[in-house]
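The chain that follows stands alone, in the form predicted alone, written as structure tokens.
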């Protein structure tokens, strides 16, 4: 839907919204509008998108009043968390209002009896993890961007992260939601109960819906007992193929489900070395794995670590480094976290950052086919990510120097071939980064015409005026 289908934001609109939220609750400052109209998608989109007004609600009542006003006047509203998204989900495709949730940033309750934490959407994820930990509990929804991303954004994208293999993505930890519909009505789904089959599962319809159906204003999260013991294994492998083939053996032969299995290819490690100037052990290895084990019994955990280490050695591991204390584990994980940090400062233009996911049984075939696809499109790449659940992040670079505006022309055909291959393997184009603006045009590769029609009908039922994050997710 084009910008022309909506009413413009006028001085009258500004005055009305300032009356609803207070003078400090809105801004039309050009610099702020520019900053709140982008996320972390690389490269930027072929054209610039800009909000006409940014609003900062402080409570559910204010969210409701803004959406009621926007619905009555047919003004598009784009909800925004911390702006760390990688698919353009918070980019205002049709202008209008960007609704930043940053001022709704309180942890409202920690209920030890029910093992729940209730938070507003603007709370940074790491603050939730810390609050749970301070009470001897564990929030297992752990996106690798937890230090900067907000829980509302995590819910809107169903963020995954490193612990999905054992604990599941964000949606696995959400018991209840408060949300505001496009017409301003406030609804509550779920609660602190662990079972609920009374009606449709609206909670998990909203989780991952990218703000296209409702604006989440309160989230009830499930907490777990805090594991008292954690051990990380850093495992350099001679090749990518040997690393990928090792992963299922850890669980089938080892009889253990790690909390994390992370993958870094050789190029990722070399990039980190160049970026930091610090040598990484076995940086010439074909790939490296981080295998994290956690539990309550130290002796049992040590036996599991020994068992997993033996499996790694029998299957070609060049070494198995064991990190038990916090400092050693932080050093191991710093390598993995620096892979993404290095990419932000890489001088080469990025053609595309991809987030594909395939069934665990097809990971080896995917990794074998990836180099050929990149070669056919004159591209280099590095691959890393949450390979324990089949989710691989691929950063693609053009082999030749190229102007930024041509990156999208190169990326389109490459994505088509990559996504066709992923579909052939039973996978899909995004495991956790979302569809947003970036991938919407490719949805028909994975979604049938009846599925797309059903999505449109669901969107229409929730948002008949199509004011909530229009031009996203739904083809």
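This one's a predicted model, so the numbers in the text were calculated from it and none came from an experiment. Numbering follows the first chain given and starts at 1.
What follows is about the form predicted together with a small molecule, which we do not show.
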Among 375-383, 83-91, 271-279, 225-233, the region lying within 4.5 Å of the small molecule in the model of the complex by heavy atom distance: 83-91
Distance check, residue 211 to the small molecule in the model of the complex, heavy atom within 4.5 Å: yes
4.5 angstroms heavy atom contact with the small molecule in the model of the complex for residue 356: no
Residue contact check: residue 205 to the small molecule in the model of the complex, 4.5 Å heavy atom: no
Partner contact for residue 148 in the model of the complex: the small molecule, 4.5 angstroms, heavy atom: yes
Selected contact from 247, 144, 396, 293, since only one has a non-hydrogen atom within 4.5 angstroms of the small molecule in the model of the complex: 144
Proximity to the small molecule in the model of the complex, single hit among 264, 351, 159, 243 (heavy atom within 4.5 Å): 159
